[in-house]
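First comes one chain, alone, set out as structure tokens in the form predicted on its own.
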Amino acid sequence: MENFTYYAPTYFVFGKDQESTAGTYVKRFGGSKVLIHYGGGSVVRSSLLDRVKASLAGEGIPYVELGGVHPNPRSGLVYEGIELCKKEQIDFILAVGGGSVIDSSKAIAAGSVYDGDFWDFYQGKPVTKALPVGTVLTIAAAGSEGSPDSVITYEDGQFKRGASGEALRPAFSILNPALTQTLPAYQSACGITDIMAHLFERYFTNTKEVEVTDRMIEGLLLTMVHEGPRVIADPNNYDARANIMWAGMMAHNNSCGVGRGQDWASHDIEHELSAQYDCAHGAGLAVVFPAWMEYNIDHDVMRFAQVATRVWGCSMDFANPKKTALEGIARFRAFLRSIGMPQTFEELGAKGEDIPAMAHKAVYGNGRSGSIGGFVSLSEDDVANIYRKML
């Protein structure tokens, strides 16, 4: 295990009807004028937005609103939010929605206290200062409610890139699993896939002797394997929704990633797909991750075999561990198919003729140096070959 420091101070408020306490926690964490940031549709139709506004009003906290966040959140709305925060002298941002809303809120929070272009943070500049952010989570998926990370699509060139910094960890996050019960099955499945991908990005490591975090990751993966089909079959299963929501936070607050190298190439590869075609991030990962696994299986076949036996229930073939590893990947694919996730480029609306440009952009675009990945370093040709495995 490698040396590490770890500090994750987000205050979590979990359970039914807890969105009614949003104003209390905004005040507790110093907010005196709030930007409520959200997407649209569902938070308005469900009256969630009204409940949150009533909670703020009950505490005497003024607010302004900025809706319109789309999946794969865009830079244009971030710039609008930064301008609004500076004009209105906002000192707290309350994100009401899923990962896209939270990521957009974090970008606004960083840009509002920065004299330069917020996109600097998405080109590698660490975020050391930001307005405090609180969240009312409506989708279990991205884990942004507990993480120091944000992903934004820059519209000039369609670059989808991430920023990170402890200043971006939410001050508090309200997690009511009941708010996810109205999600369509496809959106729930995309969230499940994203959570599993966050775990696998940490699981595939070159660091030795990391049994504690290995077992934590395996336990969370097993939770997703158990609870995923339950919520697809019964969207109103509160207990299953609750387990998935907490697993989503645990998967990405980095408690499972400390002391070990991580990969993240699959996310980088997928980001080109969702930036180019605006497909759901989880759906893209469902196509990318099994292909990435097959392409890199020989790098450490025993790690792939380990997850095959511990998570997917495969019997270990000690004479041919690669056979076990491949069976595990096949079972992962079958699980994703069973919850309604796509399997191929075509199902995402992606086109084979775009592969060379996407591969180049993945490793060189937006100032990158020509390779991605921590478990295996992938070149432009490697990325192109992984895309081709998805055809």
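This one's a predicted model, so the numbers in the text were calculated from it and none came from an experiment. Throughout, we count residues from 1 along the sequence that is shown.
Keep in mind that the form predicted in complex with a small molecule is missing from the display, and what follows is about it.
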Which of 313 to 321, 220 to 228, 288 to 296, 135 to 143 lines the interface with the small molecule in the model of the complex (heavy atom within 4.5 Å): 135 to 143
Just one of Gly99, Gly248, Gly111, Pro170 has a heavy atom within 4.5 Å of the small molecule in the model of the complex. Which one? Gly99
Exactly one residue in Cys85, Ala240, Leu183, Val307 has a non-hydrogen atom within 4.5 Å of the small molecule in the model of the complex; which is it? Leu183
4.5 Å heavy atom contact, Pro71 to the small molecule in the model of the complex: yes
Determine whether any heavy atom of Asp263 comes within 4.5 Å of a heavy atom of the small molecule in the model of the complex, and answer yes or no. no
Proximity of Asp194 to the small molecule in the model of the complex, heavy atoms at 4.5 Å: yes
Since only the chain is shown here, I'm wondering whether Gly40 would be in contact with the small molecule in the model of the complex (any heavy atom pair within 4.5 Å). yes
